[in-house]
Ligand SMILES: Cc1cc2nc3c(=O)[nH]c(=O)nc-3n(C[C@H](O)[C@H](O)[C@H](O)COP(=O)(O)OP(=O)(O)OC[C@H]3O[C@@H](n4cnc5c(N)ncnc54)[C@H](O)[C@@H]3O)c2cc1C
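Below sits a lone chain in structure tokens, taken as the form predicted alone.
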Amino acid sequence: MSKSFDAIVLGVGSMGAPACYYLASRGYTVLGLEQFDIPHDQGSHAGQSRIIRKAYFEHSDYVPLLERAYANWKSFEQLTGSQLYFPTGLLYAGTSDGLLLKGVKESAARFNIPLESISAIKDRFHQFNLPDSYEVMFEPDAGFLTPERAIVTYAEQALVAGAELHTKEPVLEWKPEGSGIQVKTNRGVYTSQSLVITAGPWASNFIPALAPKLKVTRQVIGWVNPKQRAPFQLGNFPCWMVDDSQPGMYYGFPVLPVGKFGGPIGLKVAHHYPGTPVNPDQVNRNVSTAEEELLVNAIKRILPQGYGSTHTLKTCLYTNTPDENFIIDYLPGYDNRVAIAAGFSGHGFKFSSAVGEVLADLAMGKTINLPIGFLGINRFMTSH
């Protein structure tokens, strides 16, 4: 096994696996280092499904990145023969002046994203019970991605293209070494021309200067058995987001056939709002009765036939920045040899096909043709 590479990627998950693929497919020598398995359920990418949408309520500046992500998902599916994106449409509901609906309409208007207004929701989606005062919009080109399968497929294609991927090999430290970077793990020492840090909730371990700005939180996700399955199954039911005056918003997915998608079984629902701050190495994975009740009550309120019994409760992690926008940039002080992607704040996975490409460009000093300036690190720290 080689000890010297063009690039080393720390963390082979949501962003690291595609970064390894893009680097290797362009002919660079790349080492991906992962402290767990590929994939794993200790960080942010587990849980069967992730929503992908273009009418981005968080900020319309994300839409060009999303356009690129959609294109990259499609070309990667064609390359591998694996379907990773499943169009279901996405229902948005909330008050017309609330964060969700205002942002969705703004992004759709700015970038001509198809968006439908639904007036008689009971006629179209009888599963929902929403206040008459809510505005309801539908984005037909939205849907979901399968995160674990996507990560494994990117990792596989990285290997096919010549990458070296090491699992269960924690990184102990990295430092500049001559004109490159040295990385020390529990198994050895490696050198590279450039370093890509995609460590998810562990980013603070490798970028101490960012630690005060990155807050890791524990999130609860539930899968429940609906009173009737058929109305909620894939093909009969969309993905959805409801801004129903709680802090944050609730969202969910259709029931997916486990023979095709793997478990868990049932209707998946979660709350998009930063949870309890945690140390990623000491997460309580047990879900309390009170946490379960919050989810169950939301389902009963929004989807009256959606809850019969609880099937599975899991936890995952958000890594939140103060403004809830990502950080994709060079780390100051290392002559553009260290690229980072961090702080995805619970809405990053859909971008991973584009972020992997951007990170490969950063690592190799290429021109970035996507508008990532608003995601720069300088908004949180001054350069050396």
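All residue numbers are counted from 1 along the displayed sequence. Since the structure is predicted, the reported quantities are computational estimates derived from the model, not experimental observations.
Just so it is clear, the following notes concern the form predicted in complex with the ligand, a form of the same protein that is not shown.
The stretch that touches the ligand in the model of the complex, counting heavy atoms within 4.5 Å, is 167-175, out of 112-120, 227-235, 167-175, 95-103. Although the partner is absent from this view, Q219 contacts the ligand in the model of the complex, with a non-hydrogen atom inside 4.5 angstroms. Heavy atoms of C20 never reach within 4.5 Å of the ligand in the model of the complex, leaving it off the interface. In the model of the complex, the ligand stays beyond 4.5 Å of every heavy atom belonging to Y334. Looking at A199, you'd find a heavy atom of it within 4.5 angstroms of the ligand in the model of the complex. For the candidate set F76, F138, F128, F206, a heavy atom within 4.5 Å of the ligand in the model of the complex is found for exactly one residue, namely F206. For the partner-free chain shown, F344, G346, H347, G348, F349, K350 of 337-368 come within 4.5 angstroms of the ligand in the model of the complex, judged by any non-hydrogen atom.
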